[in-house]
Ligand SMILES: C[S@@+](CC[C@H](N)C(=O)[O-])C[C@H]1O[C@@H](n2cnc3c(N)ncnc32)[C@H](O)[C@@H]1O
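This document starts with one chain, in the form predicted alone, laid out as structure tokens.
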Amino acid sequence: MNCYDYPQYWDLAFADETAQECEFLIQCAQKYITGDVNRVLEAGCGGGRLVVALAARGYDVTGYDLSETAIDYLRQRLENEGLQANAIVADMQSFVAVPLVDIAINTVSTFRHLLNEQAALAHLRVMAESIRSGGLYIIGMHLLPPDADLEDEESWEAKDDSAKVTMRLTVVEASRENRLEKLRFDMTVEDVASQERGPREFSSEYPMRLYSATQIQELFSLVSEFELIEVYDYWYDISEPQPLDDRLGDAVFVLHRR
């Protein structure tokens, strides 16, 4: 069973990051944007944990994703919580927001699902069409330093009143030459509301594009509408920008729309 087909569990696995990501977006808006910030766009929003959180804070939010299952789940969650937001099935390489947004966000390496330069540039260009002059695009992703081990594995747990999710992320294969890695997500769910006895197991594999610090700088330089103005790490500390060099593994890029 595909992990992405169960957005309620996938979003729970990353729920601990939601408050930090929202607060960071707000702080970036205050620090880098002149004028009001009302309209927010999330590319590749999945089940919409950030869409819901930002809508609850009063923003005019649009989220889009290729997964109809995830968008259906998001629409239902918005309805259940009495919130207003736009949830759209769309592709990162072609969707353009109307009207223009003030700020856009794309976290947890969703950008790396764009598997070649053509796809990445197509996405950046439609995002440039979607964000007003003076606005921001915030992208979070993992980088691969030149001396980093290609093999990696990590695991974590998350739970709420209804379920416990255990995630294990494994790099199945990777190539610096092809700039691709295959990631396997193994998700174990113990759902107290489920009629099934015992935990349920989900497993999915996804190819993702690899970037070094130099490679992501070179990519951003090809889109003249954006200027990379600051880099942070996954601590989301607005007072501690980071140098973009080969020591940085988890990066958050703040792109300014010229």
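Note that residue numbering follows the sequence shown and begins at 1. Quick caveat, the model's predicted, so the values are computed rather than measured.
Another form, the form predicted together with the named molecule, is not on view; read the next lines as being about it.
S.K.: Since the chain is shown here on its own, which stretch among 173-181, 130-138, 152-160, 84-92 would lie within 4.5 Å of the named molecule in the predicted complex, judged by heavy atoms?
M.R.: Single hit among the candidates: 84-92.
S.K.: With the named molecule left out of view, choose which of R125, R75, H113, K164 has a non-hydrogen atom within 4.5 angstroms of it in the predicted complex.
M.R.: Checking each option against the named molecule in the predicted complex, the one that comes within 4.5 Å is H113.
S.K.: May I ask you to check whether V223 falls inside a 4.5 Å heavy atom distance of the named molecule in the predicted complex?
M.R.: Contact check for V223: no, nothing within 4.5 Å of the named molecule in the predicted complex.
S.K.: Just checking whether C45 would be counted as a contact of the named molecule in the predicted complex - the rule being heavy atoms within 4.5 angstroms.
M.R.: Yes, C45 is a contact residue.
S.K.: Please tell me whether any heavy atom belonging to F253 falls inside 4.5 Å of a heavy atom of the named molecule, as the geometry stands in the predicted complex.
M.R.: Heavy-atom contact with the named molecule at 4.5 Å: absent for F253.
S.K.: Does the named molecule get within 4.5 angstroms of any non-hydrogen atom of L66 in the predicted complex?
M.R.: L66: yes, in contact with the named molecule in the predicted complex.
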